[in-house]
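Have a look below at one chain only, the form predicted on its own, in structure tokens format.
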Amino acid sequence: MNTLLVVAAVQDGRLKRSTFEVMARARVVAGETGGEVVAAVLHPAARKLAPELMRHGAARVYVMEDPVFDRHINAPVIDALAGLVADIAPRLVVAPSTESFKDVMGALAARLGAGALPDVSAFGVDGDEVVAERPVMAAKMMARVSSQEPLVVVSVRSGSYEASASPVDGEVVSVAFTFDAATLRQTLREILTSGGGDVDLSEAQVVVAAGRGVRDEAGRDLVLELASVMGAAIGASRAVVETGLFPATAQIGQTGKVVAPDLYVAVGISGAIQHVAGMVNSRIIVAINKDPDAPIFDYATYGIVGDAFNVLPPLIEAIKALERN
């Protein structure tokens, strides 16, 4: 049987939305190939997360509970996944293309002698071949990539598929794992989280992103207020990050975060391809820019031509009025 092993992404003790997006596609591929979907969770409280994975179609959930997984460190993650793959022999190992998995994917594939298809936006199985598409040249073009290796490791960009539940009566399998922390050659001292207050940028359903048109502290304050009333995470283009108005952890684009929210509000962002590469999978894009010829309008679902300093105050007040009513 062609088993698809989905590696769950966990943040702050919760499964990331991108895990369920991968699960949804894995179910389709399994149905087409006569396979089954199983999942792996590496976390000190992994067993508590298993029911949600079964609700999204995992026939078995392999749980590895060890304190070393509380904070992401490469070596134990690679050891744990390599051991699990050797035991269950899946056809595919699929995971969300998170920063954590990107960090271990190459080493894991090398350890397993597997093919690797990183950061794809679509994947499937065609006979003996695993095929995929991935954005290249700052997402201006799509490349078709493939591997005929017996085992292939795939990472999937956030927003590539729609998450959907498909409950099954699955099984939880505890996998013994021990790791000698004294053998670690790296130390994790600090984790820098994304900008956006209490809302995680990479998981947010609504993102308000600022560009060069925000200009100064007054513009930044308007963006922060709009994000607050919308319950949104805060992002930024590289240009405005370099001015110091927003932290580097808020940067979205080819050299920043990749996001795929339900709603993306681009404030004063011109739409350079390097930025678009990080948000083009957003389901609804609202662009606010005073230049009617700004490239961002080519990607926008809705566009507002106007200066952010004139557009945002009445927009904020309108949202507040809706909340009061």
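Numbering starts at 1 and follows the sequence shown. Bear in mind that the values here come from a model prediction, so they are computed numbers and not experimental data.
Another form, the form predicted together with a small molecule, is not on view; read the next lines as being about it.
Taking a 4.5 Å heavy atom cutoff to the small molecule in the predicted bound form, the contact residue among Arg220, Lys102, Arg111, Arg238 is Arg238. Of the residues Pro76, Gly213, Pro90, Gly170, just one reaches the small molecule in the predicted bound form with a heavy atom at 4.5 Å or closer; this is Gly213. Look at 286-294, 66-74, 53-61, 34-42: in the predicted bound form, residues with non-hydrogen atoms within 4.5 angstroms of the small molecule sit in 286-294. Residue contact check for Gly268: one or more of its heavy atoms lie within 4.5 Å of the small molecule in the predicted bound form. Using a 4.5 angstroms threshold between heavy atoms, Leu315 stays clear of the small molecule in the predicted bound form. Within this chain, Gly306 lines the site of the small molecule in the predicted bound form, having a heavy atom no more than 4.5 Å away. In the predicted bound form, Gly253 approaches the small molecule with a heavy atom inside 4.5 Å.
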